[in-house]
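Quick setup: one chain, the form predicted on its own, written in structure tokens, and binding and motion questions come after.
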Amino acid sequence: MSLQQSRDQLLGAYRQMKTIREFEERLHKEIMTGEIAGFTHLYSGQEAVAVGVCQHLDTEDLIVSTHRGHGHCIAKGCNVKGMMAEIYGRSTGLGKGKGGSMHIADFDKGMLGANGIVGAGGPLAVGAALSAKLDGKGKVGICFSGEGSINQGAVFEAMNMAKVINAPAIFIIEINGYSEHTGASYSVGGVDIAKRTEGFGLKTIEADGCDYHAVYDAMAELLDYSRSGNGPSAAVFNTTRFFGHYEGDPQNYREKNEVKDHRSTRDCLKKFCKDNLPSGIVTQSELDEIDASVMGLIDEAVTEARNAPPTPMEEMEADVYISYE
């Protein structure tokens, strides 16, 4: 039985998921223009995980993301226009255009940053969780990662450390089927990732990552557990990605109609509508209004990013190194 949510909560969740979807779909088109430099990894298809998790959090709950981090950033409240400007390498970006797609961060929102190193978020999240434990305010540190990270030693050490020090760290593992270009069934020994996290003594829940309500409910249970002083926990969400590992990836490793089929049968936005429209708690006209608003926001974000000044060369080395003198 899904946890009861108010109309405003559901509309807010839909807005966040729709914003992530349209942000990514628009980037997919804009990258083809050649105006955006560097690698970009799109999150389309996984929106229910980011939003279902972050709907429970406030700015003092800290998250660490991955190279596929736009969805986590938006779900945690990062400014969409600032994100777009950052990806365009503009001075108005959240990182003044210096980080780009894989290094978006906003500490004021509790977003400690995306990360280009697979598995690097685990130790950072445990550090955040230890800080939360010492503060005693019932906050948590959350690591988003995928099946590729589950083979990394740093993640194993982070899970073990979190258990040893009883830190309120929550490991969110998004199983989209691939570790870059390699299928999880080949690259993950034993296949059952939940058993790995349980092996470290973490309370673990598995749920459908294409179902917003399933993610929301699972996260509520884990947060109650970890906020109450019981230590670390983990969630394994099975989901899908609609684009390749990176923009330009030919995806020759996927079945011919796999993406088309997943867009038809595993789209978390379609499932959200199917689950919530029949009850009447939200209406199609309300969702249509959100759709129009989101499209307007994305249009504005792209236009403003294109017209914003690039980061001046003389500022490129500022904020990179810390001086202790």
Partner chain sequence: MAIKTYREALNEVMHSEMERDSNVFVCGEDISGGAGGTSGEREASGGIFGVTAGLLPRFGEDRVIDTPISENTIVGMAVGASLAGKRGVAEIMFADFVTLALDQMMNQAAKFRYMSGGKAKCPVVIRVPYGAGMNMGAQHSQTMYNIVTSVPGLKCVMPTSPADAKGLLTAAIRDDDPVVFFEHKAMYGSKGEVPDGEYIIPFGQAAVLNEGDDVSIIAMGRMVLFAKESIKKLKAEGINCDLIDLRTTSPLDENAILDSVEKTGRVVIVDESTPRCSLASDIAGFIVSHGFSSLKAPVQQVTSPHAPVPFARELERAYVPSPENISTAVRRVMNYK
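Residue numbers count along the first chain shown, from 1. Everything quoted here is computed from the prediction, not taken from an experiment.
Another form, the form predicted together with its partner chain, is not on view; read the next lines as being about it.
K.L.:
Residue-level contact is defined here as any heavy atom of the residue lying within 4.5 Å of its partner chain in the predicted complex; does residue 215 satisfy this criterion?
P.N.:
Although its partner chain is absent here, residue 215 would stay clear of it in the predicted complex, with no heavy atoms inside 4.5 Å.
K.L.:
Find out whether any non-hydrogen atom of residue 178 is located within 4.5 angstroms of its partner chain in the predicted complex, and reply yes or no.
P.N.:
Looking in the predicted complex, residue contacts with its partner chain include residue 178, since a heavy atom lies within 4.5 Å.
K.L.:
Considering only heavy atoms, tell me if residue 252 and its partner chain come within 4.5 Å of each other in the predicted complex.
P.N.:
Because a heavy atom of residue 252 falls inside 4.5 Å of its partner chain in the predicted complex, the answer is yes.
K.L.:
How about residue 12 - does it come within 4.5 Å of its partner chain in the predicted complex, if we only consider non-hydrogen atoms?
P.N.:
Residue-level check for residue 12: no, no contact with its partner chain.
K.L.:
With the partner left out here, if you bring back its partner chain in the predicted complex, are 152, 186 and 313 all within 4.5 Å of it by some heavy atom?
P.N.:
The answer is yes: all three residues contact the partner (heavy atom, 4.5 Å cut-off).
K.L.:
Work out which of 160, 182, 230, 131 lies within 4.5 Å of its partner chain in the predicted complex, going by heavy atoms.
P.N.:
Contact check passes for 182.
K.L.:
Tell me, out of 82, 244, 110, 97, which residue has a non-hydrogen atom within 4.5 angstroms of its partner chain in the predicted complex.
P.N.:
It is 97.
K.L.:
Which among 206 to 214, 70 to 78, 97 to 105, 231 to 239 is in contact with its partner chain in the predicted complex, heavy atoms within 4.5 angstroms?
P.N.:
Comparing against its partner chain in the predicted complex, the contact stretch is 97 to 105.
K.L.:
Taking its partner chain as it sits in the predicted complex, which residues of 4 to 43 have a non-hydrogen atom within 4.5 Å of it? Please list them.
P.N.:
Result: 34, 35, 36, 37, 38, 39.
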